[in-house]
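The data below hold one chain only, encoded as structure tokens and taken in the form predicted alone.
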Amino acid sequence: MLVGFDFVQWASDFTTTWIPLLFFFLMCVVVWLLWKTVKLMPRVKPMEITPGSASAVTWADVAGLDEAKEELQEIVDFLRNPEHFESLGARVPKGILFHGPPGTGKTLAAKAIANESGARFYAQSASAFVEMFAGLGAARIRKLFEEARKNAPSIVFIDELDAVGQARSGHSFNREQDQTLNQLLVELDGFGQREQVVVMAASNRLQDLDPALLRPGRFDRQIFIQPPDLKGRRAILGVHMRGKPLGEDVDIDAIARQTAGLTGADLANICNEAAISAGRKDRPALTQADFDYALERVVAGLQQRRVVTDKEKRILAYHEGGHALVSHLVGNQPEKATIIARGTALGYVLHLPEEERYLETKEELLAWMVMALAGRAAEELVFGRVTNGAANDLEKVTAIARAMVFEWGMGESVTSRTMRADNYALSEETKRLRDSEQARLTDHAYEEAQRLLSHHRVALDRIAAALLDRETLSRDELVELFQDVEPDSRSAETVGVVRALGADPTG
């Protein structure tokens, strides 16, 4: 038994003295840990590329961007000889914004400008400016531009600008990202008239950027970098085939025609996959077969051997046979049909466009929808039931029908206005009309696919039997199977249905 111990007094002293001391000690530990975290955090330095370095890029390495190169040559001339332009009262554009799909060569063009002009090139990803600690992003922006001014003439390149330049909202509560964006806006306005510093940026989402970034005086020029055309693809393939031993049967022009819609990065990947294929088979040079394999690998995915039952294999044969037959009937000869799995598809029919297409008529889009729904129509015609194998086909058809009605005015009764999904001013009656128009297009396409396959059932059975026997049919083999099958005159329009997106596998 404790004698003379006053528990009440001890509890009172502990509450008033020790608890505050303990809380103070814990706060000191938290502050110390935060300080150590900031101090030990790796400092993200911009990548600096000087002319002649291993990372330097020349105009000869940039192919397929002829129009953009003509406009960017002015920046090179100004940085090389600023006195000539200043004597005429001209000033170098403060900012140049590259925008367009991924892989089209935005970063490559910026590196080439820096190398050709002899300017220092400071590259930094916009995501490196966004931190959880307040003020760090803005501090890095200031440091980057101080370094660029110190070593002028120089080029500052900010990749993926949308990571820090997204439009600000009124409910952001002073986010760190907004502080970083504000500092970037200040730096863009802070250039003197004679400072030879050019800011370049790249973004895949121009629509998401803050309007303050896009006004003249900040990013004066906005250059759209689009996927290359036939001439551009031919030049890009020439760049990436440089130094590779090519066989006599390699046809660069044919490869360029078959890759409509693909970007420079896709073409580089095709050349690399072709080289890997040749090395895997111990060939001394790359052959056309290697490039055909690489193109199919990039467009459709990696070939996979999956164990399927005989019943599933028969369903796949009729599904892909339906795609191939209707493709021929609407005037679009398929390049290949297979029931061997590749990527996520259990089978597919490959279409490779042979010409550039930028505009498509309503009839061509309807014909493509008929072709895409032919696989499911063949299943229902032959087996009396459908499977989930047409999920990707239905998704594509729905997207096309939606765009036709919502954006392009290609409905049956609505032909002179758009009815976009994000337009909240639409009445309920208009929304019902919009949905019924979309359903009418898809239902008509499915009925047309069923009619074509029913009329040519013998040919469908012949193609399915060939797929079951050989698993893969080439273009020549398909042409032989279609000898007695003429394109259907009642189809939407018997012309080549070539999607603007380029090579496309229909599963």
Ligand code: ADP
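Residue numbers here begin at 1 and follow the sequence given. Keep in mind the model is a prediction, meaning the values are calculated, not measured.
Unshown form predicted together with adenosine-5'-diphosphate; subsequent notes refer to it.
K.L.:
To verify the annotation, which of these, L188, L108, L209, L365, has a non-hydrogen atom within 4.5 Å of adenosine-5'-diphosphate in the predicted bound form?
P.N.:
When adenosine-5'-diphosphate is considered in the predicted bound form, the option within 4.5 Å is L108.
K.L.:
Only one of T104, T180, T338, S327 comes within 4.5 Å of adenosine-5'-diphosphate in the predicted bound form by heavy atoms, so just point that one out.
P.N.:
Of T104, T180, T338, S327, the residue with a heavy atom within 4.5 Å of adenosine-5'-diphosphate in the predicted bound form is T104.
K.L.:
When adenosine-5'-diphosphate is placed as it is in the predicted bound form, which of 82-90, 136-144, 288-296, 257-265 ends up with heavy atoms within 4.5 Å of it?
P.N.:
After filtering at 4.5 Å, what remains is 257-265.
K.L.:
Taking adenosine-5'-diphosphate as it sits in the predicted bound form, is A63 in contact with it (heavy atom to heavy atom, 4.5 Å or less)?
P.N.:
Residue-level check for A63: yes, a contact with adenosine-5'-diphosphate.
K.L.:
Do H240 and adenosine-5'-diphosphate share at least one heavy atom pair within 4.5 Å in the predicted bound form?
P.N.:
Taking the distances in the predicted bound form, the answer for H240 is yes, it comes within 4.5 Å of adenosine-5'-diphosphate.
K.L.:
With heavy atoms only and a cut-off of 4.5 Å, decide whether I236 touches adenosine-5'-diphosphate in the predicted bound form.
P.N.:
I236: yes, in contact with adenosine-5'-diphosphate in the predicted bound form.
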